[in-house]
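The chain below stands alone and is given in structure tokens; this is the form predicted on its own.
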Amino acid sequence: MTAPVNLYDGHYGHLEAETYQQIRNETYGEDLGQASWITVDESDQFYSWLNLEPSAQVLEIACGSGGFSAYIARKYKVDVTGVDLNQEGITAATHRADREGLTASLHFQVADANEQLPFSDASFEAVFCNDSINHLRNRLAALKEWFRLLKPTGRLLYTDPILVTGQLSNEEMTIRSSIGYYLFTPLGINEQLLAEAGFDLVHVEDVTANVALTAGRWHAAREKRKDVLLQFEPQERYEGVQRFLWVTHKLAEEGRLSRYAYVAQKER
């Protein structure tokens, strides 16, 4: 049986280490402190789909170390609130805001997106959740909560990175979900749940290519620095992360597990 892999605590705990910065630069082309499949180019594309004006209020669900939040706050002059369950991630995100002089437009706090979030109705022009909705246990409840938080005509954008689009072995599914709770979803379910939550669907796009690209690069960049990484990571964790990244790359490249972006709007 594949042992659980602690990806996030280790990632956020060593965020500023030179070796991990080098790995992220080789993986993504530009280091935002990511622990997902998003690149800077994709960040710009996603932002354009949100249809926002400067000073808009944005909520990022599962913000991690705050890289995307900081990027759009700095480049597009929006105010971003980020929430994440991981204290290490929020600590890193808060340090990022201080370091980059963005404390006026960036706000981070620990919150569990499986529960009601501590914000008033209609607080945000946009809600964004990248590569994390698959970790939430009740997707319909989460979508209804995000609907509550959006202002009328506000937009939701999320990516679902584990859509089942081919045959998967039990071993592949176990390794792909080894870093936490995962909800594997067939195509078509997201559209149904968005409608049930009250949203109007605006756009759907297959963005699987970034998973195949970044997972493969991430695996290779770590393999090249194995000796150094073993000074930070126990052997078992190193090998578990490598298995996770290789299977993620393989399933995406072969089109058996896909990532789609969904853009929806609150019309009332």
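Note that residue numbering begins at 1 and tracks the sequence as displayed. No experiment lies behind these values; they were computed from the predicted model shown.
From this point on, the text means the form predicted together with a small molecule, which you will not see here.
This chain is drawn without the small molecule; in the predicted complex, the residue among A62, A215, L229, V241 with a heavy atom within 4.5 Å of it is A62. For the options H135, R139, R148, H107, the residue carrying a heavy atom within 4.5 angstroms of the small molecule in the predicted complex is H135.
Listed stretches are 50-58, 204-212, 63-71, 220-228; the contact stretch with the small molecule in the predicted complex is 63-71, by a heavy atom cutoff of 4.5 Å. Taking non-hydrogen atoms only, T27 never approaches the small molecule to within 4.5 angstroms in the predicted complex. Using a 4.5 angstroms limit between non-hydrogen atoms, D84 touches the small molecule in the predicted complex. In the predicted complex, E191 stays away from the small molecule, with no heavy atom inside 4.5 Å. Residue contact check for D160: none of its heavy atoms lie within 4.5 Å of the small molecule in the predicted complex.
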